[in-house]
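Presented as structure tokens, the chain that follows is alone, the form predicted on its own.
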Amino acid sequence: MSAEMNEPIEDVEAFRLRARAWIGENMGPPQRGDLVRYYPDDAEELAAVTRDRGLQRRLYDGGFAGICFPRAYGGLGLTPAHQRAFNEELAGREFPSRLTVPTFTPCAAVLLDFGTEEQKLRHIPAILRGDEIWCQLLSEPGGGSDVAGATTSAVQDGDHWVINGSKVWTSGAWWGDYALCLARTNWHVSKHQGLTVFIVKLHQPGLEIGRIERLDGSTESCQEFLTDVRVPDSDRVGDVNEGWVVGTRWMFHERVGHNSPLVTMAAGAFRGGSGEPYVVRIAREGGQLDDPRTRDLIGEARTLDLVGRHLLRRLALGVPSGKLSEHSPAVGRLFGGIAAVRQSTIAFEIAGGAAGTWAEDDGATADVGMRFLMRQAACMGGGTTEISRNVIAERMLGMPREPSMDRNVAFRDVPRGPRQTATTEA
């Protein structure tokens, strides 16, 4: 038994009181734009990223970084209950939002699950210090949500791998440091059997990063073009051609997202950024708190929020313990996507005409209209809700699989191009 396991664990309430005192002295209120991904110029966005790195370093120096990470890699080795307590005490305070997802989960989580000891010692402490921000080189331009259909290739050349291909919809790649990359290493077996995961340094020769402007004006999402990018075999994560084993766990961590016990974030931050629910602030500023219809809508939004948080918390604890299927996070992903669309719609309905046109100084209603226009993204990012429906139906309920032309076929023989019917198997 390790020394870490033998050491007594601090009582949760004692930890909460200690965290409360430290947070009160060291973490101020959120600054405008802490949870925003759109900036009028790159310099402002880079400044926000630098600020987040500094906040993470503050947590590290204060002894509150990596609460559930093993002590061997710079964490505290505490329990999910300790992390929840810290997040609750952090409510209404600043925190390094750009390092939550995907840096801490799924990326750091995957390293903990599958990384070598050298990889963990090299990268986990750097992540906890805020020195490294990680991304996911996962989706591809022609692949949709069919992650296993990756065509980005990795060919071994001595003690290195040479990677060629393209990835897309990578959040924060232009200011990130490293990424997990899923690549095809064997074209002679079925698509799930010929994949391998690598650690890729984002800014290096042969890797070109382009920016994608979305409807809301943000350019955080990127597309990467990899041309003869060389990666040492020491940066391979998991066994060769066993990338789908890594990928399955990777998808679990991604679907759990901000509810992972590895993530430090202010409770309620992504539901409006303050102790008062987002829809309540909209109603209050619009003078509608006493309107019965508005109160019903607020109650619906609150119910969705409560169910979502407790569902994801149960999944985050149940899957690692073996009490729930490894496919169970698909339930949380499906609920989260549908609930997010409905909550954006509720906010729009409460705001009424004020959501149709807005200015930056319009308070809580300033971004209601744009959130409504972007609402469907909640059902696409991180794997579509349609994929989740398939996973639930086929792998949890035992229903017949959808027909697929590429099952048990060597990937080199699978037709690819505009006439291809994409599989819906995640």
Partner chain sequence: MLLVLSPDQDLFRDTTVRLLADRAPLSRLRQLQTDPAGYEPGYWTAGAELGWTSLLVSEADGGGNLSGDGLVDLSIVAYEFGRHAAPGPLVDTSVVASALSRHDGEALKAALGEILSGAAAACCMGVTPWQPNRPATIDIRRDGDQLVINGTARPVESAGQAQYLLVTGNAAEGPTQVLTPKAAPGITIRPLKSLDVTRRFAEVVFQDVRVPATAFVGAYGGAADEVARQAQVAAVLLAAESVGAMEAAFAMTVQWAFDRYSFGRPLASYQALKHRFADMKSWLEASHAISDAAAAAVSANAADAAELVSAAKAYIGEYGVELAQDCVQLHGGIGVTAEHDLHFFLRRITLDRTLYGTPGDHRQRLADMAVGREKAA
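Whichever C-alpha set is largest while still superposing within 1.5 Å between the two forms counts as the rigid core. Numbering follows the first chain given and starts at 1. From a predicted model like this one, the values you see are computed outputs, not experimental measurements.
Separately, the form predicted together with the partner chain exists; it is not shown, and the next lines address it.
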Quick check for you: of 220-228, 251-259, 176-184, 291-299, which stretch puts a non-hydrogen atom within 4.5 Å of the partner chain in the model of the complex?
291-299
Check, residue by residue, if 54, 124 and 128 all come within 4.5 Å of the partner chain in the model of the complex, counting heavy atoms only.
no
If you check in the model of the complex, is residue 373 within 4.5 Å of the partner chain, heavy atoms only?
no
Even though the partner isn't displayed, in the model of the complex is residue 352 close enough to the partner chain, meaning a heavy atom within 4.5 Å?
no
Is residue 390 near the partner chain? Define near as a heavy atom within 4.5 Å, in the model of the complex.
yes
With the partner left out here, check for me: in the model of the complex, does some heavy atom of residue 334 sit within 4.5 Å of the partner chain?
yes
To verify the annotation, which of these, 245, 189, 324, 168, has a non-hydrogen atom within 4.5 Å of the partner chain in the model of the complex?
324
Name the single residue among 215, 212, 155, 307 that comes within 4.5 Å of the partner chain in the model of the complex, judging by heavy atoms.
307
Going through 379-398 from first to last, which residues have a non-hydrogen atom within 4.5 Å of the partner chain in the model of the complex?
386, 389, 390, 392, 393, 394, 396, 397, 398
Once the core is aligned, please say if the CA of residue 141 is shifted by at least 2 angstroms between this form and the one not shown.
no
Please say whether, between this form and the one not shown, the C-alpha of residue 317 moves by 2 Å or more once the core is aligned.
yes
